[in-house]
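What follows is one chain in structure tokens, specifically the form predicted alone.
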Amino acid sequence: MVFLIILVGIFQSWSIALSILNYCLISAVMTIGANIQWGYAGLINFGIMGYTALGGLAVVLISVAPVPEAWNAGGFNLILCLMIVTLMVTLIKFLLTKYKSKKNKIIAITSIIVFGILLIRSIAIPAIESIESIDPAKTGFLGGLGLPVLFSWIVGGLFAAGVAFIIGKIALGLRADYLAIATLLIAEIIVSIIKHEDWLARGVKNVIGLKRPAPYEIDLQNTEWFINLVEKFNSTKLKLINTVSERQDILAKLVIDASSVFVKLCFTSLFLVVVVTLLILTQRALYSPWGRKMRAIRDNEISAGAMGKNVVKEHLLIFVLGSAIVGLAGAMMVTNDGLFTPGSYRPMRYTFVIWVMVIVGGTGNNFGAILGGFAVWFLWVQAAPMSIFLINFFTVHLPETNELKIHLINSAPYFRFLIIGIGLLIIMRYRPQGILPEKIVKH
């Protein structure tokens, strides 16, 4: 994979190569999270995009500066609604323990829910309308806390873990196929809420200009030390140019290219730290007594339960841990992009790409999950350029106006589905356990 990325840098550009590398690292974090759930415990979670969206939402809510006008218009009323919801939950829990009669419980709880919903609607709807009317072209939402963006990565994991805990309490009792359907639909619900609640994160209007833990290219291009560094690095090339004006033009172009590479290298360093840290922790967990217990539950729940293992509790724990890592990956992705686009989270499409990564790499093997993330994402991005190169190579004898050649070139972006599909079929036929299958260490 390193060799392939270097080839992209040589034949295309180093900026493109580093962009691919950064997304490969983000994909590796996602596959680690999915592999923990499926490879360690045998849990099928098709709601990966929902937790990814929650991680991205955390970046907005944590790093974006608050919008004072929106808070004055209705923000505090929404906090009041949140307090009412908390009070409703507390009262319902109290009534469940107080009343022994099932009929009294139903009447009391129904009354609380109906009254609470009516009260919340009467407060929230005018507040939301007021918030979304505050300069909707630029804001129209509450904003965030204005904190450092790296802090949002932790919060993104916590957001995903919290939602996974609630979902796990409800859905983990379902059979495997029903669990897969439930998690997929819950992910659709999460994404739909984020897309349509403009007061929360602008919905499909998107949030741009997010903070990032790396310098901006324009700042580097106007910084003396960086210009001197690029000039020194390319001194041999610049000496060959005679005219001063031409030398300055080429230097300016080199500085622009180098600034993009430098920023991407900063992100690469951060993402590498996350991937290596997760790999060390997950490897230690996999071969610890806890990891052996999880594999025992995965292989035979009935036997593990008969030996006194709390299967439900362990399933919930692994579900929360895996979702938290996926939420972390979602926060990393939005930070890398610098914008939050809820419309790009499509569970029915990208969830299965992540699953293909895990299956191709090797279920139950952390190194395999990372390799699958790299390999599949590389193919996903480079399928079109590779297809165009092969089409031009095999149709070089045909004129440019040939209908077949034009059709193939226009279809090149869709070859990624064909290539990944063929690759998955080959892996499932000749290497069903993945490129790097799970390694069982006997103690």
Partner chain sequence: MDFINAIILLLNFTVLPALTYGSQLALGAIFVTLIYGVLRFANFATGDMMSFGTMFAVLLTYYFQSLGINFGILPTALLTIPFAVFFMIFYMLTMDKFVFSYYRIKKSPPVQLAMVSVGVMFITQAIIRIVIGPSDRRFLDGEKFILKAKEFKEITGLNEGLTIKSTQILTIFITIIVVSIMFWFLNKTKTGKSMRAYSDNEDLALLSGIDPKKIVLITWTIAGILATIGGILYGLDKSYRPFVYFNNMLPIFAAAIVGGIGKPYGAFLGGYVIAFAEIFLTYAYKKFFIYILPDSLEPSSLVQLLSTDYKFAISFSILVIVLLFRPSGIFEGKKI
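Please read these numbers as outputs of a predicted model, since none were measured by experiment. Numbering follows the first chain given and starts at 1. Basically, rigid core = biggest C-alpha set you can superpose within 1.5 Å across the two forms.
Separately, the form predicted in complex with the partner chain exists; it is not shown, and the next lines address it.
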* To do: Using the partner position in the model of the complex, report whether residue 246 sits within 4.5 Å of the partner chain, counting heavy atoms only.
  => no
* Quick one: does residue 192 come within 4.5 Å of the partner chain in the model of the complex, counting heavy atoms only? -> yes
* Do residue 262 and the partner chain share at least one heavy atom pair within 4.5 Å in the model of the complex? -> no
* **is_contact(residue 435, the partner chain) in the model of the complex, heavy atom dist at most 4.5 Å** => no
* Structure fact -> in the model of the complex, the residue from 161, 353, 214, 274 with a non-hydrogen atom within 4.5 Å of the partner chain is 353
* Structure fact -> The listed residue (256, 174, 296, 311) that reaches within 4.5 Å of the partner chain in the model of the complex by any heavy atom is 174
* Structure fact -> Of 409 to 417, 392 to 400, 22 to 30, 50 to 58, the segment with heavy atoms within 4.5 Å of the partner chain in the model of the complex is residues 409 to 417
* Does every residue of 46, 347 and 359 put a non-hydrogen atom within 4.5 angstroms of the partner chain in the model of the complex? -> yes
* **Partner contacts in the model of the complex for 185 to 215 (non-hydrogen atom within 4.5 angstroms of the partner chain)** => 185, 186, 188, 189, 192, 193, 196, 197
* Asked: So with the core overlaid, does the Cα of residue 303 end up 2 Å or more away between this form and the one not shown?
  -> no
* Note yes or no: does the Cα of residue 110 move by 2 Å or more between this form and the one not shown after the core is superposed? => yes
* Asked: With both forms fit on the core, is the shift of the CA atom of residue 350 between this form and the one not shown 2 Å or larger?
  -> yes
